[in-house]
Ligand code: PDD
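Here you get one chain, nothing else, as structure tokens; it is the form predicted on its own.
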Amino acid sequence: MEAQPGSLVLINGEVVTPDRAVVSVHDRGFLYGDSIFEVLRTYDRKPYALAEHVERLFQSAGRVAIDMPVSRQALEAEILSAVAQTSGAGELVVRVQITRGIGPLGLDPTLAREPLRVILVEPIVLPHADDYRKGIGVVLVQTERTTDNTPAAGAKVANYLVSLLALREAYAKGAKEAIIVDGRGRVLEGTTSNVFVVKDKVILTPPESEGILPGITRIGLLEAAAAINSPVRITTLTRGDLSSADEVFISSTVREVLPVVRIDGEPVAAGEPGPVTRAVHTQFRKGAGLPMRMPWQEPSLGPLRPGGLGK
């Protein structure tokens, strides 16, 4: 298989061509999903919120008791080096994955040896511009994730089977994201996104205490809302909150903000992106010093790829 132009792989700090990058079948990330990860994107070929993503990776490591093999500073430098060494033009997406390492068969985590770190750099694949202009549809899926109600809740673990199956259900129904509802009926987050509801001009979003991933973009949007004096309430969300919302939107690292205009096939309010969604998204870019040509102003960039989207 030929390497994709503009892509690069680092395994334990060593550059490997993507077509020759391999991991042992005895790696616990492969055997048990025993790993954590982060996804970053670049603007002007510079990783956005690099320190924040690395810090969250270390927090995930602490929650699942993986000893990080390098320091925060060393990992940041490695990511910057990987981006700098990636050929070609255009923006990039970076996935950093840490596994517990190689060991004999058996669940006992002490069987693992030195943790493995992998950095994947690839050209970014953005949503279709129409997804920003017109909004997207989502479905609600009631399920339990791997880390729910465990000490690892909120960690960004690589075992995404539950989310994968939920997303498969969404695609089968013509939607582009699945929103997870837990056994208590609480609306938590998307498979690869955080969720926001707008009701009477107040932005509502679930608390981190309910086990959602503390999204880097989510934090930026909350700061953006404060900057434009848009009220925010961190609160438990239900199906009813979504069905009665004036606006709904999701956020993630790659997609930034996408308006949700249909839920389970039913329109959200007027069935079009709302003013609060647009205002918060615009302020997010402005506050972060990002390019101010908004995604809904861009030409169509092709279909949204299912995977590789981080919060």
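Since this is a predicted model, take the numbers as computed values, not measurements. One-based numbering along the sequence shown.
Below: the form predicted together with the ligand, not depicted.
Residue contact with the ligand in the predicted complex: residue 145 places a heavy atom within 4.5 Å of it. With a 4.5 Å cutoff on heavy atoms, residue 99 does not count as touching the ligand in the predicted complex; it lies far away. Among residues of the shown chain, residue 215 is one whose heavy atoms approach the ligand to within 4.5 Å in the predicted complex. The closest heavy atom approach of residue 171 to the ligand in the predicted complex falls outside 4.5 Å.
Among 263, 57, 276, 39, the residue placing a heavy atom within 4.5 Å of the ligand in the predicted complex is 39. In summary, the region of this chain contacting the ligand in the predicted complex, judged by heavy atoms within 4.5 Å and restricted to 57-65, 268-276, 24-32, 245-253, corresponds to 245-253. In sequence order, 189, 190, 191, 192, 193, 194 are the residues of 170-197 having a heavy atom within 4.5 Å of the ligand in the predicted complex; the partner itself is omitted from this view.
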